[in-house]
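In structure tokens, the next block holds one chain alone, the form predicted alone.
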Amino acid sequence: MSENELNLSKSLKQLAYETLKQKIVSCEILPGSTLTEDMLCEMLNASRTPVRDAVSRLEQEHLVSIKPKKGIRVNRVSMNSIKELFEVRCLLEPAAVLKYGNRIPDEVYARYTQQFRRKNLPTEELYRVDDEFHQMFITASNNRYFRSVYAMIADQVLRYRVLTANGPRDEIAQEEHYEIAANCIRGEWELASRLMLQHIENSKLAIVHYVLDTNRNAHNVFLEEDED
């Protein structure tokens, strides 16, 4: 295989992976969906090799499960997976604020305080700013292991957010983000860290309550225990 052919093969695999992942984390393909290679080849306009590569990578990221003779299942949202994800967030993000928040310029925090004080932000913009705010503390750590773990977490958080979108939690979370940024400007790092922890715990509770309230009518999106 020539170098050009090799590069093309890598590009096709990456495109298939990124496209399928986006469809899953944005819930265009709902949790609980069962897929086949033929379906994915048609959906992604790709051959079996890049599709298999994409599915293998997404299985490693706990977004899909390969079930012999049954197909490819998009992993549903379980109470156990919510617990595990937020346990990691509670350990990682407050520590990043406390240890690395002082690496971020005050003008960046000032910009976020202005954004989080804006009323009636479009949902898509609010979520974009939310993601950027959390990500910047991880990026400030300059720790590749932090970044790697958080990249996997961020995908799952996006799925939960899409599934529970437009609830009363959005406005409350916006105010919580404002308080974190405001205390970072003041150099109150321990308080900002505690506020980040409280914000993450509140987010977890909101998702758990949503799941418990809607599980009966959720079309197999949610389940109480992990699947076999």
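Residues carry their position along the shown sequence, with the first being 1. We call the rigid core whatever largest set of C-alpha positions still superposes within 1.5 Å between the two forms. Since this is a predicted model, take the numbers as computed values, not measurements.
Keep in mind the form predicted in complex with the DNA is missing from the figure; the text below concerns it.
For the residues 52, 194, 169, 62, the 4.5 Å heavy atom test against the DNA in the model of the complex is passed only by 52.
The candidate stretches are 194-202, 155-163, 36-44, 174-182, and the one lying within 4.5 Å of the DNA in the model of the complex by heavy atoms is 36-44.
With a 4.5 Å cutoff on heavy atoms, residue 13 counts as touching the DNA in the model of the complex. Though the partner is left out of this view, residue 186 does not reach within 4.5 Å of the DNA in the model of the complex, counting heavy atoms only. Mapping the unseen interface onto this chain, residue 96 falls outside it, with no heavy atom inside 4.5 Å of the DNA in the model of the complex. In the model of the complex, at least one heavy atom of residue 72 sits within 4.5 Å of a heavy atom of the DNA. Contacts of stretch 112-151 with the DNA in the model of the complex, defined by any heavy atom lying within 4.5 Å, are made by none of its residues. Taking the rigid core as fixed, one finds a CA shift for residue 138 smaller than 2 Å between the shown form and the other one. Once both forms are fitted on their core, the CA shift for residue 96 between the shown form and the other one remains under 2 Å.
After superposition on the rigid core, displacement of the C-alpha of residue 73 between the shown form and the other one amounts to 2 Å or more.
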